[in-house]
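Next up: a single chain in structure tokens, the form predicted alone.
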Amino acid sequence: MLWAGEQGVRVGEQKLAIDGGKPMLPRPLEIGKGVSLLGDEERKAVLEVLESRSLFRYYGPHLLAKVEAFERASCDLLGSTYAVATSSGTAAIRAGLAALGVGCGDEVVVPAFTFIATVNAVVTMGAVPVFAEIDDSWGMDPGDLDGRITDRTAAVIPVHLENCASDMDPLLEVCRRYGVPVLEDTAQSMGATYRGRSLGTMGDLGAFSLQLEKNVTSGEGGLLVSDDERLYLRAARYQDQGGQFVTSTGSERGTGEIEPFVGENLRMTEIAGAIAGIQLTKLPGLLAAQRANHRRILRAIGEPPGLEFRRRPDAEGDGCSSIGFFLPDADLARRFAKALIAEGLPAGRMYRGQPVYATESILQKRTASGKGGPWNCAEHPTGVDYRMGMCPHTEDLAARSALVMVAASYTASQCDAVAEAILKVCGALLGR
């Protein structure tokens, strides 16, 4: 029997579960994050709203202003001046783009490795997405970004995937040099930090998601933050139909600081706000537990030969909800992920190991209208085209990547079992 890492995890000549061996964990572990912490406090908050009969955020028979309270608490926790809650993380990005005035004829640079919502928000606002390479943090590559900005670039959207920061200082330096605003997609990383600053608060705007798999969840929901009052007021107006009531900020409707424009309904409900407000109070504890479990697992597995870890630009500020790996090749990455799952680990390959532009709707430039959307605008013709192979470094990194989720709820013995399973798979597939 061999031993590895500081925890002294045992590594033996064991048959992999994927090949018919005994799984390291008798029952698959749950992923966790905010949903694992739902309890009596959230139930009580929801019942309070139902009993008030005031489910709409701006008025009702006995309005409790749960959404407004969530916005204020989010500002306090993140260190932001303004916040507007929305119906989803995608809605938050849309409201952010609207605040920046992004629309027809514009280009928005996004990383080639992200969830499709980042790209969908750009397209549905009438702008053309331009894809930049990622680096070994899975975040946008600052060096490649420099060559993607044109005189049509209206915004850059760095994405902080899986509670890990993109390398923001060099990204911000590039954007400031060109005078291009930054909208941070922080959907998956609420509460994580970069060099002491909350993710989502370093750019001009930051968008968060409260979907079921996020650190703070209300099932669906979103949040947009900014220190710029004008951007905040424009976003608040846009998510509340744009101007019938002039604007909507906090609990007030009817002030006239910002001119009216056409918007849409992206508002958060009071029930979602009630759940989100309670969840927010649990975020520091969630992150602390994830970080402790993450450290224990990393100490236990050490540095297995042939396994490269995802780079974390700020390991101390990382939200630690997963451990990312790069394998020597794509076939081995697929086998590695399947083997981990068979051992009972919540594992997989981020976005199936593909760049976001591999999605057929993007490759084919297909919108619901069938008319090509921003790519087929006679007034603003574009030469931007998409094809596999256009971001080769991203495609290579994505294809060779795998990850194991880390939950706050893991016990010490479960953390050790996770480490032992990783080492078991490494031993079988990568050798020792």
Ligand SMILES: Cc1ncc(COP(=O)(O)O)c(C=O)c1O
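One-based numbering along the sequence shown. Just so you know, these numbers come straight off a predicted model, no measurement behind them.
Missing here is the form predicted in complex with the ligand; even so, the following discussion is about that form.
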{"query": "Interface segment, criterion being heavy atoms within 4.5 Å of the ligand in the predicted bound form, picked from 146-154, 108-116, 312-320, 130-138", "finding": "108-116"}
{"query": "Triple contact flag S88, V159 and K214 to the ligand in the predicted bound form, non-hydrogen atom at 4.5 angstroms", "finding": "yes"}
{"query": "Sole residue of L340, I275, I297, A187 within 4.5 Å of the ligand in the predicted bound form, by heavy atom", "finding": "A187"}
{"query": "Contact residue in the predicted bound form, from Q290, Q279, S209, S74 (heavy atom within 4.5 Å of the ligand)", "finding": "S209"}
{"query": "Proximity of G203 to the ligand in the predicted bound form, heavy atoms at 4.5 Å", "finding": "no"}
{"query": "4.5 angstroms heavy atom contact with the ligand in the predicted bound form for Y178", "finding": "no"}
{"query": "In the predicted bound form, P355 touching the ligand (heavy atom, 4.5 Å)", "finding": "no"}
{"query": "Partner proximity in the predicted bound form: I93 to the ligand, non-hydrogen atom cutoff 4.5 Å", "finding": "yes"}
{"query": "Partner contacts for 343-373, taking the ligand in the predicted bound form and a 4.5 Å heavy atom cut-off", "finding": "Y351"}
